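Given as structure tokens, the chain that follows is alone and in the form predicted on its own.
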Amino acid sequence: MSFEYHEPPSVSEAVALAARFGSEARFLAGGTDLIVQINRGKLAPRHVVSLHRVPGLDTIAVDGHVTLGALVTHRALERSPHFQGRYRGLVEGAQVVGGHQVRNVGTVGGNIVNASPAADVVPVLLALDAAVTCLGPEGERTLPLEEFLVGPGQTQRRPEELLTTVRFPLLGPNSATAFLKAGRRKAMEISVVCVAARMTLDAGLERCREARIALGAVAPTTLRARAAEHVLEGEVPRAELLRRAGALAARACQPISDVRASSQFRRLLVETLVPRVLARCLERIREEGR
């Protein structure tokens, strides 16, 4: 498959090219998904618009919010000092994306736009209440990540728009994140199930003030397990309550059966992993509070 390759030097010129070519164009970030899909014949763009010369899209900014440029790589998430504490779940999600070569070039923006239900970093971003900003010919618009994801390979991004940033609020005291993934092998594996959680305890480290639970590879999109979140909030998060949250999360799933696992096994994994990921959050909060 042949295509015309473009290297615009600015965001505005990249958007102008996308507006000019519409659905015949694709943006190229890390290329770990796009190039594979082109080689397999799943995509046949007539124009590929590279973002490699566009400045400012590979930055991580912390200023009341955390803002990730669309070209921030998974390796950058792993190495950033900003994410070694309360945001450790983001590092854990990034660490299991493919191998080292993939993480060195694969980007956060590309991972989101690819909209795989089994994406590893997306559940953590969802648990962090992330929002995405897209820039098009008519200006910027910002959407909650949960609304942005529509279905497998489908998002709210318009063909002429470029996803530029991902943004989420800073976590307050007594907060932590965690991520767990189940696959058929320990490395370079697509998730059978992945689970991310964020928890905030009260000042006495006794009751759950706020909880977020996000599930991957168990529905057409990454999803929030809201009933499980609600059962935790305002309560003392003892082991029995964590197990109840796991059971509620399993009910929220809409898994399929495929070559990796049956739908029943995926539900069992969710019921098992949710209490574990919540317990990991609790452990991290209490370690920080010591």
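Note that the coordinates shown come from a computational prediction; the quantities given were computed from them, not determined experimentally. Numbers follow the displayed sequence, beginning with 1.
The discussion below concerns the form predicted in complex with a small molecule, not included here.
Item to complete: Could you tell me which one of A29, A245, L68, V54 places a heavy atom within 4.5 Å of the small molecule in the predicted bound form?
Response: Of A29, A245, L68, V54, the residue with a heavy atom within 4.5 Å of the small molecule in the predicted bound form is A29.
Discussion item. Can you work out which of R88, R157, R75, R212 has a heavy atom no more than 4.5 Å from the small molecule in the predicted bound form?
Written reply: Spelling it out, the residue with a heavy atom inside the cut-off is R157.
Worksheet item: 198-206, 137-145, 112-120, 212-220: which one contacts the small molecule in the predicted bound form at 4.5 Å, heavy atom to heavy atom?
Response: After filtering at 4.5 Å, what remains is 112-120.
Worksheet item: At the 4.5 Å heavy atom threshold, is V105 in contact with the small molecule in the predicted bound form?
Response: It does: once the small molecule is placed as it appears in the predicted bound form, V105 has a heavy atom within 4.5 Å of it.
Worksheet item: Heavy atom to heavy atom, is D33 within 4.5 Å of the small molecule in the predicted bound form?
Response: D33 belongs to the contact set for the small molecule.
Fill in: Interface membership of P173, the small molecule in the predicted bound form, 4.5 Å heavy atom rule
No, P173 is distant from the partner.
Worksheet item: Does L163 make contact with the small molecule in the predicted bound form, using a 4.5 Å heavy atom cut-off?
Response: Contact check for L163: yes, within 4.5 Å of the small molecule in the predicted bound form.
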